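Quick setup: one chain, the form predicted alone, written in structure tokens, and binding and motion questions come after.
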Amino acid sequence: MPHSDGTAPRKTRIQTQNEELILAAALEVFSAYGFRGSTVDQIATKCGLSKPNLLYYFRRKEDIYVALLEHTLTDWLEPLRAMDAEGDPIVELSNYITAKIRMSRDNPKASRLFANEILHGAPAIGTFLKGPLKELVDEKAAVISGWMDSGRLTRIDPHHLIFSIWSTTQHYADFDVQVNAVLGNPPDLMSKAEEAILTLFIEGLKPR
């Protein structure tokens, strides 16, 4: 029930904890069975709540799915938002690339869930992609372009640079089966990947 001033009531600690519990369980279920193959009953069982209790927080499976994608995007986009136009471009881009590769290492299921949504035409988050995501990417592309204009980075299309960072870092989550088939799942896989990706981008972007 909204407050009289139109704002949503503040969630209690238990409500916040239960929503996080539901989203964590939903990630496991959607990752295993896909959106169409998953059910609210499976998610309720996974998180240890009754189905009526779960439906108190999310009315439909679609609502859980969208909330999970929004949660994932919020986490993923935070390092891009943090890119500081006043900072050193090599440091700022290094920090961004490092954050992205570590997100793939620490939460690969979220990356694969997002990739599957995109491969199906982004029916749940298409509006977000064309709106807030595009606005943020355009803003940071302008920052990168400014660094290039001042001679602090080698000239390259900034939008395609961002796309390349996304695809290279998320490869280790989305295609982990292929990576491990080739490399045999070594314990230092992600540390070596981080080193290689940073060298690839940063050495290529340093002004000549």
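The structure presented is a predicted model; accordingly, all values stated were derived computationally and were not measured. Take the two forms, superpose them, and find the largest set of C-alpha atoms that agree within 1.5 Å; that set is the rigid core. Numbers follow the displayed sequence, beginning with 1.
Not pictured, yet referred to below: the form predicted together with another copy of the chain.
- Contact here is defined as any heavy atom lying within 4.5 Å of another copy of the chain in the predicted complex, and by that definition not a single one of 47, 78 and 124 is a contact residue.
- In the predicted complex, no heavy atom of residue 24 sits within 4.5 Å of another copy of the chain.
- Contact check for residue 115: a non-hydrogen atom falls within 4.5 Å of another copy of the chain in the predicted complex.
- Taking the partner from the other structure, another copy of the chain in the predicted complex has no heavy atom within 4.5 Å of any heavy atom of residue 60.
- Residue contact check for residue 171: one or more of its heavy atoms lie within 4.5 Å of another copy of the chain in the predicted complex.
- With the partner omitted here, the stretch from 62 to 70, 47 to 55, 143 to 151, 160 to 168 that lies within 4.5 Å of another copy of the chain by heavy atoms in the predicted complex is 160 to 168.
- Residue in contact with another copy of the chain in the predicted complex (any heavy atom within 4.5 Å), chosen from 99, 83, 137, 90: 137.
- Scanning 171 to 194 for heavy atoms within 4.5 Å of another copy of the chain in the predicted complex gives 171, 172, 174, 175, 177, 178, 179, 181, 182, 183, 189, 192, 193 in sequence order.
- Taking the rigid core as fixed, one finds a CA shift for residue 151 smaller than 2 Å between the shown form and the other one.
- When the rigid core is held fixed, the Cα atom of residue 178 travels less than 2 angstroms between the shown form and the other one.
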